[in-house]
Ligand SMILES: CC(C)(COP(=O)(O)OP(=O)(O)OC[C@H]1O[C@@H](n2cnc3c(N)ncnc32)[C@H](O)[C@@H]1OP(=O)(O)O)[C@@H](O)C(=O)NCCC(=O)NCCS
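In structure tokens, one chain follows: the form predicted alone.
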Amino acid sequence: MHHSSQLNCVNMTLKLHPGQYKDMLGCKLMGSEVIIREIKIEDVADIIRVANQAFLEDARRPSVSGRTLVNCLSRFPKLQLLAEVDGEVVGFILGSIENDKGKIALLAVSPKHWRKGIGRRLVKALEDRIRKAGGREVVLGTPFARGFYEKLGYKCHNIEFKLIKELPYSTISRMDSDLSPILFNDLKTIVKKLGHDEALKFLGAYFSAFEAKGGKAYKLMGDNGVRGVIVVAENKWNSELLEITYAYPSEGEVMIRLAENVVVEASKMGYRWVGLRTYSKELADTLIRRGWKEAHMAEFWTMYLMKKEL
């Protein structure tokens, strides 16, 4: 891991003559100069202001963008950059590096400065610093900006599908599902069935559900015992969305049956949507054929995982 003190980077805010351009220095933009520099602790309010305006997703919330900024500044201060125009902060990018893999945590530009190349300059400036710090690739996840990053040479290497089932106006023919609550007495049997590593994932979701609103854990029984388990909790940003936080198995007919039974339970509780995350395109396609839809909600959206070799 590269610690911030190991990054051989300097803060650069030198001005250029008209028409000149140099990475990480000033550049002309519609008669005004754009300065790319490191974020200082006193810039925090301006960063939050830009995040509030620029993000549709949950990064607009100070609890997300502010916490991310603090964590990044604490660990990798020289990888946190902002853009200024006429002394006003108009954009920022937050980055990190682990071993030789850099990461873009957040990128935002104030709406009045969109489509002026500021985002591209911020990305290039961070890439340069990651490269100098020993990084060989940069990764990120984005719900809405896949096309922007592809123009900068990034490729989508995986997709985390977010699917939703809207319950009002749907035909749900019963009030009780085939699921039953998981009791403490069930845990020994379930963890033996799952195996050590999978059992740890299940138990993490199971105990997290204790404190989550709408948190519940269910089992699906068959002739030979437990066929599957599933954990749900209310989405922390949207009180009408009941999200599946864990399921085993995570694919196949049992998974589909688990999800459809959660729909019954959620309808009984009066939720508007059930949400599911999966990396399986086959499962996503199957559920879409059954009336689910790919999510493009601000609180719950399909995530494109991108990367670029430096």
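For every residue, the number given is its place in the sequence shown, counted from 1. Remember, predicted model here, so these are calculated numbers, not experimental data.
The same protein also has a form predicted in complex with the named molecule, omitted here; what follows describes it.
- No residue of the trio Trp237, Leu241 and Trp301 has any heavy atom within 4.5 Å of the named molecule in the model of the complex.
- In the model of the complex, the named molecule sits beyond 4.5 Å of every heavy atom of Lys219.
- Mapping the unseen interface onto this chain, Ala125 falls outside it, with no heavy atom inside 4.5 Å of the named molecule in the model of the complex.
- When contacts are judged by a 4.5 Å heavy atom cut-off, Val232 does not count as touching the named molecule in the model of the complex.
- Taking non-hydrogen atoms only, Lys116 approaches the named molecule to within 4.5 angstroms in the model of the complex.
- Here the chain stands by itself, but in the model of the complex one stretch of 127-135, 146-154, 192-200, 209-217, 146-154, has heavy atoms within 4.5 Å of the named molecule.
- Between the named molecule and the residues Ala54, Val263, Leu283, Ile48, the one pair within 4.5 Å by heavy atoms in the model of the complex involves Ala54.
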